[in-house]
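As a starting point, one isolated chain is supplied in structure tokens, in the form predicted alone.
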Amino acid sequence: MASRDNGMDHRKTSVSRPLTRRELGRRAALAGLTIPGAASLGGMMALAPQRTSAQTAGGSSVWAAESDPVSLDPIVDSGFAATQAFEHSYESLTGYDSNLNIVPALAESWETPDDLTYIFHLRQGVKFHDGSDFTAEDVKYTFDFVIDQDGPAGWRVNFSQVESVEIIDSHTVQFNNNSPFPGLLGAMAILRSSMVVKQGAFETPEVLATSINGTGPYKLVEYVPKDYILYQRNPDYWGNPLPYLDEVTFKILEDEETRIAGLRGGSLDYAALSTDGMLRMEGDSAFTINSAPRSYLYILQLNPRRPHWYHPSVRKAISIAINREEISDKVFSGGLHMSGPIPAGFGDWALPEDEIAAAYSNDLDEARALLAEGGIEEGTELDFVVTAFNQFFPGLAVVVADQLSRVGINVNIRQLETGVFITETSEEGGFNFDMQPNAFSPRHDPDGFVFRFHSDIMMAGSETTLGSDELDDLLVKGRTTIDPALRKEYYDAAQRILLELAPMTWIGNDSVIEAVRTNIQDYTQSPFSRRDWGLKHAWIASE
């Protein structure tokens, strides 16, 4: 059931620590409802940036990537690590800026003549990296493949409300939806199975997986798996004078110790860090270190195919027994932000943290009573499978095992190699686990955190149904209502039901923490851990 997600303070001063709860609430309020899925952002015009006299073009820079993309196919294999690799070279019709505002990309404007229709006006003069013209035919070709119900698009679910795509003329396309679809602009901007490829690209999947022919600001020069990714500036980019850097190399460095050594040794200009890594780099005047909540949600998932563990009382008991503040302190060095079904940092869509905290009472007596009600006896063993796929998973497992022992559950941790873990937790391995950790990388819209995982409409006929007609009604209204204020009411109500049903145990979201050498100017963070907007605008100041 669980998806395999591989998922601002920009002052040039000293280290910025993770935001306090009060600051987090203030930032969410400031973000408001003009974030992923806000239909009111359509029709904006993108203005070409003007370089100031202080800015200089050119130069090369070496950055760290935390994981290997494995495949560069932007439609079939658009996992989080892959997206971080190809986001510099591919584009969709819309994009996100660093504040999660939806901005024009390959479409310079759009209109909605009715609730079921989007008409996109495409940029003219745009070329793919091979020199061929970008036209409406490429858009239709890409999205016909994406919405094919029998096709292999990894994130087809993001476009389940698109009925068809038609060409109006060579630079105008129309999306016809089967219901009002406020999340369409965000579904494009998130760049998960939404990158526009050249017509015919799907005919050679092996080429699509190892090379890139996009329209973006950087051309892929070379990708050496588990080693590096080399990009060069696209001189024909429609957003000229962007980008400013001539060449960028991403060294694939999964180990944080190696990334820190590269920063200190001068071989890296950029690296993502954990809270511990941030504290270790504190005081190094050669770097600006920024931190803010990111939309990366940690959860625990009980196996719905094992009814004794997926009993409603048992799910609720485990959610209550988990002490999130202790997990934050022991696993995330205090850098975890408590979260419900929609993570904090995702604009104004999350519930207030005090309301979430009230649902996570950590009342151990109540948890024991609920376990007994669900038929779980004292000393019952729970098979907890974990992998180091995410650096925090092993430590999370140890703390969770200790916490559940306090309510009489004997947790057996099985740490597996990532490939074995994927097999064990999938149909191929018979879903052989009682509980597993997972982390949901950014979604295009609040709908992406809830409908896909918790709607009985999606799970009909499976063991995962929750049996709440009220929840299903709210989730359908949320994804088909254009008015952001009404959507907010629906998602708040849906989250309150979900906190009571506890179909999974939401732990919280961490922070995006990035160290950038001080001569790299105008790089801005994204709550999505995206680097495309920031890198596109970054430039090197002369010493």
Partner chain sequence: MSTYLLRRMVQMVPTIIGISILVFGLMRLLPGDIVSLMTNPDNPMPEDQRETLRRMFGLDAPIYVQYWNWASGVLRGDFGISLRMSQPVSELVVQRLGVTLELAVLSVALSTLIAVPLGALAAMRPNGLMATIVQIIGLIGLSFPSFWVATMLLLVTSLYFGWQPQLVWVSPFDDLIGNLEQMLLPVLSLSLGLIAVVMRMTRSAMLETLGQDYVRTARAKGNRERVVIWRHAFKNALIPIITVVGLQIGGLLGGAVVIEQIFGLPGIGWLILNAIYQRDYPVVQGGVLFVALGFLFVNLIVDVLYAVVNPRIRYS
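Given the structure is predicted, the values throughout are model-derived calculations rather than measurements. Numbering follows the first chain given and starts at 1.
Another form, the form predicted in complex with its partner chain, is not on view; read the next lines as being about it.
Residue-level contacts in the predicted complex: of Ala286, Ala261, Ile168, Leu116, one residue has a heavy atom within 4.5 Å of its partner chain, and it is Ala261. With the partner removed from view, the residue among Ile413, Ala369, Val420, Ala388 that has a non-hydrogen atom within 4.5 Å of its partner chain in the predicted complex turns out to be Val420.
Annotated contacts: Ala153, Tyr228 and Arg452 all touch its partner chain in the predicted complex [non-hydrogen atom within 4.5 angstroms]. Heavy atoms of Asp144 never reach within 4.5 Å of its partner chain in the predicted complex, leaving it off the interface.
Among residues of the shown chain, Gly79 is one whose heavy atoms approach its partner chain to within 4.5 Å in the predicted complex. At a distance threshold of 4.5 angstroms between non-hydrogen atoms, Glu428 is in contact with its partner chain in the predicted complex. When its partner chain is considered in the predicted complex, Pro235 lies well away from it, no heavy atom lying within 4.5 Å. Annotated contact segment (heavy atom within 4.5 Å of its partner chain in the predicted complex): 261 to 269, selected among 238 to 246, 121 to 129, 305 to 313, 261 to 269. Shown here without its partner chain, the chain has Glu206, Ala209, Thr210 in 199 to 218 lying with a heavy atom within 4.5 Å of that partner in the predicted complex.
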